[in-house]
Structures are given as structure tokens and as C-alpha cells.
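Consider the single chain below, provided in C-alpha cells and representing the form predicted alone.
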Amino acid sequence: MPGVAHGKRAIVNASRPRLDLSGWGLRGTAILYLLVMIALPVFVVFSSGLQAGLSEFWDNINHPQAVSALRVTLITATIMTVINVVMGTLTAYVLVTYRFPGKNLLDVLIDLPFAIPTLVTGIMLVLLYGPQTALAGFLQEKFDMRVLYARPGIVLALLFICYPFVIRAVQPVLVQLDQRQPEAAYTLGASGWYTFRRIVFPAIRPAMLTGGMLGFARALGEFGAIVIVAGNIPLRTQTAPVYIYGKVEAGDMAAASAVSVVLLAVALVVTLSVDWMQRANQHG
């Protein structure tokens, strides 16, 4: 019968899996763009840094100037991360917990380092801590501390640039935190510090680590602000990105690629660690 046959064909056609060409096209476009924009440049840097062999690669990264630049970068980024984790968490806690005049304006200003060029950050620090300023004279006289063309200048620049990372990671967690638990602890006589340490801190600790590590990864590649506030003094204030730039200018691409490989490897480890912590937190 025609009606029955048509119905059977409709059922058979409906049961066959349909190829979603539009979905495959979207996925293919996204994957191709990801490969071209991220994976391919990373592959090129690694292949360039290692193409002469491990012996030359080791010689390039073991050069005293390269070792010093990597050390300065890692030390200043670590100091910045520790300070920003503490102060960023404190800022996020204040923004979520308390009400005060200018709170909305402060919340907007936190994202300012994301928007302004890092060269502008360097200029601001020069205007603030330059040798002609009263603040620089005070620090030099009272504490014998130089800011510009010294490591404190690098740390200050990184603190400004990476300040939002921890705040924006911790703030949503604090907003979603069940306030009945701290209130119950206060009702039972717990102090503010005890309540924070036993209830709030365990909830925000993964976000603190995530924000801190993202800021650390961002600090590894900072160039614009640092080249202004710290200059390019080998074995003293020269960071790895500035060292790489100098080697590119000199035409020594092997040395530039070798140090770039080290920075990329560290950044990759940090990024994978952040992803692992986020997944563990979601499944935990």
C-alpha cells in the first residue's frame, strides 16, 4: 500500500543518522583558527629553538646573560604573585562584603590595567617614582631604595598590570558563597579571623591559586612597562622578554628562540596546572 510504504520510508529515513554539516563547519573553522593563531606559532618557536640540537640550545639558555634574565623574570614574577594573591583576595573580600562610598568606581578601576597599554603603565611609574619626584627622594633617603632601573620598579609594574587577575577570580566565588555558614559561625561565637580561615578561605583557595598563577603567567611575558621602568641593564634589571628583544635586534634568532622556549614551557606548565585545578574543583 502506498501510504504504508511511504510511512516505512519515513521511519527508515528518520532512523538514519544525519550529518550535521553546519556543525562540522563551525568546529572545523574554530579548530583551524586555533591551530593557525596559537598552535602553529608555538610549534615554530619550539622548532626554531631546538633545530640546532640540544647542545646549542643548552649553551644558549646557559649563557650568563640569559640565566640572569630568566632569574630576574622568575623572581620578580614570584614576588608579584605572592603580593597580589594576598592583596587581590583582600580587595575582592572588601568589595563583596562591605558597602562604602565609591565602591562601584573602585570596582570599575580594577579592570583599568586590562585596558591601558603597558607602555603607559611604565610612563605612570616614571612620573611617580622618577628621580625628580619627592616620593623617590623619600625612599632613597629613608630606605636607601631605588625604584626605577632596579628590581622594585619591575615588581611595581607587574603588580599594577596583574592586579585584576586574583580579584576577578575570587570575587565570583565570594558572591556565590552561602552566607548562612559565616553567620552561623558568628552566632556560635567564632571570631572574624577564625570564620575566614575555616569557612571562607577553603572555598576561595582554588580561585586564589588560579588567579595567582594566571597573573604569574602574564608577568612572564611583560615587556612594555618593564623596558621603561627597569631599562635594559644586563645581569641586573634585564628580564627575559627584554633579553629576547635584544637578541632579535642583534639577529641572533637561535638565542632568542631558546629563551623563548623556556618561557613558553613555564607558561604552558602554569596554564595546564590552572586547567587541572579548575577541573578538580568542579568535580570535587
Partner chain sequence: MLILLVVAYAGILLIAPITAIVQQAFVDGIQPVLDNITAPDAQEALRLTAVIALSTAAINTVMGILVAWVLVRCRFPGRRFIDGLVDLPFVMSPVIVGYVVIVLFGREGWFEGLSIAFTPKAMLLVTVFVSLPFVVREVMPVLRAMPPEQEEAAYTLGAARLLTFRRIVFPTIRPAVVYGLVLTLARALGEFGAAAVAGGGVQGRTENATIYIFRSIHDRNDTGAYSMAILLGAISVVVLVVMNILKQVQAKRSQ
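Numbering follows the first chain given and starts at 1. Think of the rigid core as the biggest set of C-alphas that the two forms share within 1.5 Å after superposition. Computed from a predicted structure; not experimentally measured.
Missing here is the form predicted in complex with its partner chain; even so, the following discussion is about that form.
By the criterion of a heavy atom within 4.5 Å, Leu188 is excluded from the residues contacting its partner chain in the model of the complex. At a distance threshold of 4.5 angstroms between non-hydrogen atoms, Ser257 is in contact with its partner chain in the model of the complex. In the model of the complex, at least one heavy atom of Phe43 sits within 4.5 Å of a heavy atom of its partner chain.
Contact between Val108 and its partner chain in the model of the complex is found at the 4.5 Å heavy atom cutoff. Exactly one listed residue, out of Ala203, Met145, Met124, Ala184, brings a non-hydrogen atom to within 4.5 Å of its partner chain in the model of the complex: Met124. The contact with its partner chain in the model of the complex, taken as any heavy atom within 4.5 Å, belongs to Val248 out of Ala52, Leu235, Ile61, Val248. The putative spot formed by Ile154, Val173 and Met277 is not touched by its partner chain in the model of the complex; no residue has a non-hydrogen atom within 4.5 angstroms of it. Partner proximity in the model of the complex, defined as non-hydrogen atoms within 4.5 angstroms of its partner chain, places exactly one of 137 to 145, 203 to 211, 79 to 87, 175 to 183 at the interface: 79 to 87. Along 70 to 103, a non-hydrogen atom within 4.5 Å of its partner chain in the model of the complex is carried by Ile83, Met87, Leu90, Thr91, Tyr93, Val94, Tyr98, Phe100, in order along the sequence. With the core held fixed, Ala30 shows a CA shift of 2 Å or greater between the shown form and the other one.
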